[in-house]
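Given as structure tokens, the chain that follows is alone and in the form predicted alone.
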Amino acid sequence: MNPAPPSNRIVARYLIETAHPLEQAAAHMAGEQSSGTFVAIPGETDELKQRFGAQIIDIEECGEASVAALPGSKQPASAPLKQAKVTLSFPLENTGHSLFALFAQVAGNLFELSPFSGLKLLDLDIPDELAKAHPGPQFGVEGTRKLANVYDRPLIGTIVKPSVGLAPADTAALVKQLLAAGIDFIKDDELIANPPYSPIKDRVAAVMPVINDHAEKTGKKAMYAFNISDEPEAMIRHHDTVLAGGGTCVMTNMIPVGLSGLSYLRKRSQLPIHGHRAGWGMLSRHPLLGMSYLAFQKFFRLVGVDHLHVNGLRNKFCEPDDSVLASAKTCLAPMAGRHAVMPVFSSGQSALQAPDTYQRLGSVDLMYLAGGGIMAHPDGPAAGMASLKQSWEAAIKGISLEEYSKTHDELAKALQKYAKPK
């Protein structure tokens, strides 16, 4: 193992599977992602490799596999398939301050290299110099709380459902119902952006008067994240429409919009950017292919997203709870002294998960989004919203849900409704 890299180097950790000697495989990775190729070439001097080459920091063998995780690799027939964690470091000089170059540096052709039957980027350490060259979140946790006027507990919200098909007037009617329930946050689904049946300008024109009127009467202005995912210049037009209507949040699908699109938006945005990770499963679901969220979120956080989806505990997807919590904790950890981003818990959430979420995250700095957990409450959305607030009150006070439900009817009915059969 080499000594720890200096602070001006990028550090990337990978999980690999190969039948080749681990040192040889790691050297292949380091060469492919820096100064080398499949044969020695003129110009690749010792001096150049010393200055620009990737370094192997650590190799930790994790065990063996009986069957190759992925097809197509070229392996020695008689050698065992070994799995290992490999840590590489790269000179910051290779990428400068470019996030686009950084992505290619740590997640380029590695995944296609023939000696590997599995390779996944697990995490990434970014030097402060590079991180500080990017704007990061404009609002983050503190700015979002200030706009929503919600402190000392999570922002509780929901997603407009049905995801698609609602005309602007129908969306506004649903929003009015949710506002009456005391909602903090509402978002468009990732599946709706600017469709012919509900253009953003018409959706804003229908929804924002309802939100503004409610705020004027009650003093509480819910945050609505309008999905403005589009071409960069179109996103700015959509953003300006939301801003002019009195809106306090915009949303993008991070993967299709990309780093360039989000960078363009962040430089011009006056509103928090809610980042949805639609499509992330194709990068992460296989344990030996793609990129973990610990690494993925850092790119979009540096470019300026304020809220990042992390799934939720006991969610409807395949992500385990430990992964969800690791993602959320990473969002709340400072980067180069910057504000934290707000982790967004969603997917099958109800009053049931609040205590576990609070105990394991150790923070109330999150958004807690529930669809059925609000709308499907036996006594309606207002009772559903109340049950979520009560579940978080109980969690923060350290009182069990069962005990708290004895004096809180909305919570009692929620526990009965959402409890899974034994």
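Quantities reported herein were computed from a predicted structural model and do not represent experimental measurements. The numbering used is simple: start at 1 and walk along the sequence shown.
There is another form of this protein, the form predicted in complex with a further copy of the same chain, and it is not shown here; the text below is about that form.
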query: Residue stretch of 314-322, 77-85, 144-152, 334-342 approaching a further copy of the same chain in the predicted complex, non-hydrogen atom distance within 4.5 Å; finding: 314-322
query: a further copy of the same chain contact in the predicted complex: residue 165, any heavy atom under 4.5 Å; finding: yes
query: Any non-hydrogen atom of residue 293 within 4.5 angstroms of a further copy of the same chain in the predicted complex; finding: no
query: Contact test in the predicted complex: residue 212 vs a further copy of the same chain, heavy atoms, 4.5 Å; finding: no
query: Non-hydrogen atom contact residue 396 with a further copy of the same chain in the predicted complex at 4.5 angstroms; finding: no
query: One residue of 248, 105, 89, 171 in contact with a further copy of the same chain, assessed in the predicted complex (non-hydrogen atom, 4.5 angstroms); finding: 105
query: Contact test, all of 218, 364 and 380, partner a further copy of the same chain in the predicted complex, heavy atom 4.5 Å; finding: no
query: Any residue of 239-263 that, in the predicted complex, places a heavy atom within 4.5 Å of a further copy of the same chain; finding: 253, 255, 256, 257, 258, 259, 260, 261, 263
